[in-house]
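Presented as structure tokens, the chain that follows is alone, the form predicted on its own.
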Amino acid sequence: MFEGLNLLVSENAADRIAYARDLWPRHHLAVRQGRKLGEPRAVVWPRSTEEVAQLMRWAGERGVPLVPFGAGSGVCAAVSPTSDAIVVDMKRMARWRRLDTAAPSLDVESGHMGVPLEERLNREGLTLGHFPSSILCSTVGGWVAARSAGQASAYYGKIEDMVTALECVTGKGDVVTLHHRTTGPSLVPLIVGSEGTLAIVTSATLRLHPLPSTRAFAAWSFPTTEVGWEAMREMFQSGLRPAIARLYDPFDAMLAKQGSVKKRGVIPHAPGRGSTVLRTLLRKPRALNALLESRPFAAMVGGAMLVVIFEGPSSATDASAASEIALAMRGRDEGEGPARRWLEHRYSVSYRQSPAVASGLFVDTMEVAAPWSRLGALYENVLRAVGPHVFIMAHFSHGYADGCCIYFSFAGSANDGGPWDEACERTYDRTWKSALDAVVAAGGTIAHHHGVGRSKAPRMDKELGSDGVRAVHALKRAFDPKGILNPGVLVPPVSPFPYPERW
């Protein structure tokens, strides 16, 4: 099949299984049932831009789908190859091409992993300022593809604010370099967030910043979550730009004050008595949510909590100004401790999806966003829509002058009759359908930084409208006329879809 290709290729069964999916929780449920996922025909590891272009031309001539792959940490089913597809793992393309310390900027290949990139920049006295929770298991190309936001996006911006140029290979096999333009059309924003449907990104030129020399830490508790986000809004609209601003609802704040979800062991490691009790509780989530959302519970655990970290020479002054706002809005000073603990554990992602699924549960997250004027409606809509199906909690992060992201976390189990795994899947699907409909009805956006993939694509027409969807398809035809790049992702129609029930 691969005659004429001078590439590192594997058709080994173990490789094909390993590259058959990303970390979408719906995939975990399928694995728990022992249901086989679609495996690609092969996996390739290109080592240069020319090898990517060679592969693209070869695939275009034969109509073979190509699925770009970073590190597989996505949670929206952007990786779900069909049996005739080839997965293109970019991690062998991880070179620094040019560091310009005067700009400062860095041209780096798309397969470079996150933590080594930031650590090497720090040794140069620089930072990208991009700190996604997945930084240990994600790549530059993955950030660009999914329109990623790091934890400090309020100060440094999202990945689209950091990209000044992209080298790409289009679906035609053409190598193009796109520059961010301040006049006339700029094509860079079209590639950022396109999830491998328009081109394969081979390198990115990224805007850098001096490594901050000082930080200031602060935290306050508020009687309700709403009062907390109003304080957060006031801070951003007054001109303050904390690198980190995270508001936890009362239950999430209780966990944050005690260390972390992982430390508390909320999700059991393996099936047992604890998981049985938790599964039983989660079969009736409505009552549990009502208790945890009540004012008596909020008062008992100390209310919501806002954690902020300022960076740079004005950090102390900015933290003082933020404190004046918080205290004027009934905030209670919690000192520096919560913010310092957060920074110490900022990458302590629990990686608990698989143990939770093994226990008969499922866990997932949904990051959505809205203008400040619609944030309350978005929050309440999602709680009402999802509360009957799963246990849910939230924190607010990625704040800006005009709006904010809400990061919902939920855990669920089977809450109706029938075989256990099938009932879990029905609960999961109902939860996501209800949640996405609630977001659109509230005037929010259904994705802030995890991307769209296949899991959210069926609802993108509700947000973009039919003209918007047609525009995306027109771009697809222009960049990828043979339709070989990651088909089925980003916008409807979503076909093929790995499961019969869609939301």
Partner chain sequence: MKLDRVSMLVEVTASAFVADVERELIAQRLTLGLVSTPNTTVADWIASGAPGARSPWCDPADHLVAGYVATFADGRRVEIRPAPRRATGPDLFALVFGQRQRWARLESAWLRVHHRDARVPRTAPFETEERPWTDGEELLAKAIDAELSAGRPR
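Fair warning: this is a prediction, and the values are worked out from it, not measured in the lab. Residue numbers count along the first chain shown, from 1.
Beyond what is shown, the protein has a form predicted together with the partner chain; the following relates to that form.
None of 467 to 475, 39 to 47, 56 to 64, 24 to 32 except one has non-hydrogen atoms within 4.5 angstroms of the partner chain in the predicted complex; the exception is 467 to 475. Proximity to the partner chain in the predicted complex, taken as a non-hydrogen atom within 4.5 angstroms, holds for one residue of 210, 337, 417, 296, which is 210. Screening 186, 122, 258, 101 for any heavy atom within 4.5 Å of the partner chain in the predicted complex leaves a single hit, 186. The closest non-hydrogen atom of residue 306 lies beyond 4.5 Å of the partner chain in the predicted complex.
Proximity of residue 158 to the partner chain in the predicted complex falls within the 4.5 Å heavy atom cutoff.
In the predicted complex, no heavy atom of residue 438 sits within 4.5 Å of the partner chain.
Taking the partner from elsewhere, residue 164 is found to have a heavy atom lying within 4.5 Å of the partner chain in the predicted complex.
Of the residues in 384 to 415, those that come within 4.5 Å of the partner chain in the predicted complex through at least one heavy atom are, in sequence order, 400, 401, 402, 403, 404.
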